[in-house]
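Okay, so we've got the same protein chain twice, two forms, each given alone as structure tokens, structure 1 and structure 2.
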Structure 1
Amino acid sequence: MTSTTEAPKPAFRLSQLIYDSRYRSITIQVVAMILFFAGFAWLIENTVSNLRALGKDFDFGFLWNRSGYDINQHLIPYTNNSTHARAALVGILNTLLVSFIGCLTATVIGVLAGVLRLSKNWLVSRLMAVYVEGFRNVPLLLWIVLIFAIMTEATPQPRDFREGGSAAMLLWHSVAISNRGVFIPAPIWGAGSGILVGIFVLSLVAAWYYRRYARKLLFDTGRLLPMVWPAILIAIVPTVLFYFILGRPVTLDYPTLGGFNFKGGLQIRNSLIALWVALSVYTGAFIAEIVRSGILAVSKGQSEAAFALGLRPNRTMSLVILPQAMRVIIPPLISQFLNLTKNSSLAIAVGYMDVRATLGGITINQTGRELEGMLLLGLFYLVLSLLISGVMNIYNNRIKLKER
């Protein structure tokens, strides 16, 4: 009684795997999968057998051996008695440092240049166009090497700063620009400086709350409190006050000439400057284009409406255009940050000791652990990139259009 209405089930034939569109895609996927795994297995097998042929094993133990080499720029204590793992960490921090400050300055430069390129002022917009095209269309490596060459060839040697020498320090004898880098005063954190830092952080939080309050007031009641200067005052005044109340806990260590080089102060090496500046202006040019396209993507009606409501151009830009443009800007901006981070490995051209130079360079070379070192290096860049895009995606989700 039940089976009479059912159509007879056709027998499954093998040829259906190819000719029947219901099965074909599965067949293709299975075949592709098998090929992929076979290729992968071949790679592994090939690596293992070649390592065996060379008599090498696969072992990360070298990371805990003494490194034996020195690194000029280290943000954490490091000597040649430290381990290779620590040398790698020093390199990682150097990579993070240049990527972080690079992303910051690139964003500032990019936003300024992108907005200014849309300026009604012919000269300004042309200048920005020249900047964008000039930097976007010349390889990054050239900029790095060029800036480095200028910094080392066109600046005086430390000994030129001696009495009667041809060079002099700037800004009341506090800054020296030399072919060894730029020397600036370094802060000395005396007793009580911890409290000062704490106060500064609290003031920043307070300033942020003030802005939030002012904003809410504006949206709720339409009353406009001044936003910028009170926030700045809140952020700075308590710190300055307490600086004197606590008896000046933070003092400055000025660079002075001693022996071969400047002693004291903070040395910003030319390799860092060259890499930082080149990465910033190069990536900034791309960001400028992203910002410009983001702004242009906001329909003209929006700014016309804002003007009709009597908003001044500045406010229109910051309250109406930019928040909407951000939705278009953020996703490509993420990839620019990722590019900058990975491009920082061009540090090799100027001897900046990033992770590629320590773990991926000297360590690999002194220990002969190319495979292990390169795998770790790849893993580091992978994790870093995923982290950056993860954080940026959270931000993107917060500002994106909430559809109700």
Structure 2
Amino acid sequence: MTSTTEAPKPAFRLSQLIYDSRYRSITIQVVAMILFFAGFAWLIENTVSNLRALGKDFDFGFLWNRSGYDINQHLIPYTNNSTHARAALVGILNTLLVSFIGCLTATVIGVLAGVLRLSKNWLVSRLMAVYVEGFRNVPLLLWIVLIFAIMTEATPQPRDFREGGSAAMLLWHSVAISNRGVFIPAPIWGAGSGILVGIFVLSLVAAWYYRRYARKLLFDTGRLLPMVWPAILIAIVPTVLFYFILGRPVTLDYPTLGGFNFKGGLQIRNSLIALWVALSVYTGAFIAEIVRSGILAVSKGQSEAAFALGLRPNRTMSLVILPQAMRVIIPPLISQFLNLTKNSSLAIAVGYMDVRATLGGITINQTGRELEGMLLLGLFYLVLSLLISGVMNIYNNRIKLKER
């Protein structure tokens, strides 16, 4: 009986880091990383040295100094006695606000325009083509300025809303559209309003679970349950019932004309409206092309099979075509969300006080801390872009096709 022994493995040699293909790529990456960080450190040291030569230091202490300027729109309490850090936070929240509602609106517009552009109705498809090509090929800044000019020049002044004036309020005298903004009723939160908000949130969750159950039942058994009106009833009816049971905990403060402007209610400034609408319709045109290409990527046999099973066109689109097209739509859609978020920095053209106008504008001009301010501004957009990309990638991984 004979026994075999394995040949001894050759000892590791330093020359293998260069001549052995198993280690060469790792060596190149390590060397490139070392050179990158060394160059980055040299740039920082050189910048700090040049600032020191000019009598400047690298310090973020200016953030806790008094800002000394007003901000026309703020979602949190703010005065000109607040710090620059508080002003930057106000600008960040304003940026997040217009980016969030812009992404939602652009998605709705883009999906509708993309689907309608494939319509068999010649007039509808051509109108959507005009919309897409018209908005995609004109710079965004021009659309922002144009919409802002329409909102300020083509709308009546507050004094025109006086009795006998040329303008009138809308929706039972609760909404006023003027050259100073749109005034709408503002909610007044009373006792029990927190419970009502909690019930509304739970109702939305229940409506989402109902749609999820109906969709799963359809895929598992083929049984088709109505999805739209039951979800709407689940989301609204409990809130309305508890609104009266709790004694109307939420009331409305209506805008009224007083002096030279409206008092009470909630003012939505024309700068916010112009920026929001322009970002939405501009980005929506790009999303429409993404949706159209995603739908065309799905084989026609899928829709023909759905029609053969008796599904109506709208259900075929929502249950068969769009779910398969999402794997093509989501990756470029992430880029459009990122573009919309970064394009919101054009808000300074119409006086909307976002983070570019506060931290990257007035704060830098007052403190002279241009390097620190720009670094913080770039860091904010970097973190925000990574968060958006991360969330959308998680969603993309959930809906992608699962292979066996």
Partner chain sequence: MKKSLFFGALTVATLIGAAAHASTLDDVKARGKLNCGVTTGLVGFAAPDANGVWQGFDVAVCRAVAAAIFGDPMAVNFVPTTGATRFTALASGEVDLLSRVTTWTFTRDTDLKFDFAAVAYYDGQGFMVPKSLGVTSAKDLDGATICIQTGTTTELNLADYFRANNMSYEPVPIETNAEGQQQFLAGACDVYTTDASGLAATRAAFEHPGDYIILPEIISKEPLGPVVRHGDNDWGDLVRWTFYALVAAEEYGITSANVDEMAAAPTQNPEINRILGTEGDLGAMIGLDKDWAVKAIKAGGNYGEIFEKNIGENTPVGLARGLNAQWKQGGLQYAMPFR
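Take the two forms, superpose them, and find the largest set of C-alpha atoms that agree within 1.5 Å; that set is the rigid core. When a residue number appears, read it as a position in the sequence of structure 1, where counting begins at 1. Computed from a predicted structure; not experimentally measured.
- Only structure 2 comes from the form predicted on its own.
- L375 shows a C-alpha shift below 2 Å between structure 1 and structure 2 [criterion: core-superposed Cα displacement of 2 Å].
- Once the rigid core is overlaid between structure 1 and structure 2, G61 does not reach a Cα shift of 2 Å, moving by less than that.
- Annotation for R212: C-alpha shift of 2 angstroms or more between structure 1 and structure 2, rigid core superposed.
- Shown is the Cα shift of G39 between structure 1 and structure 2 after rigid core superposition, which amounts to 5.6 Å.
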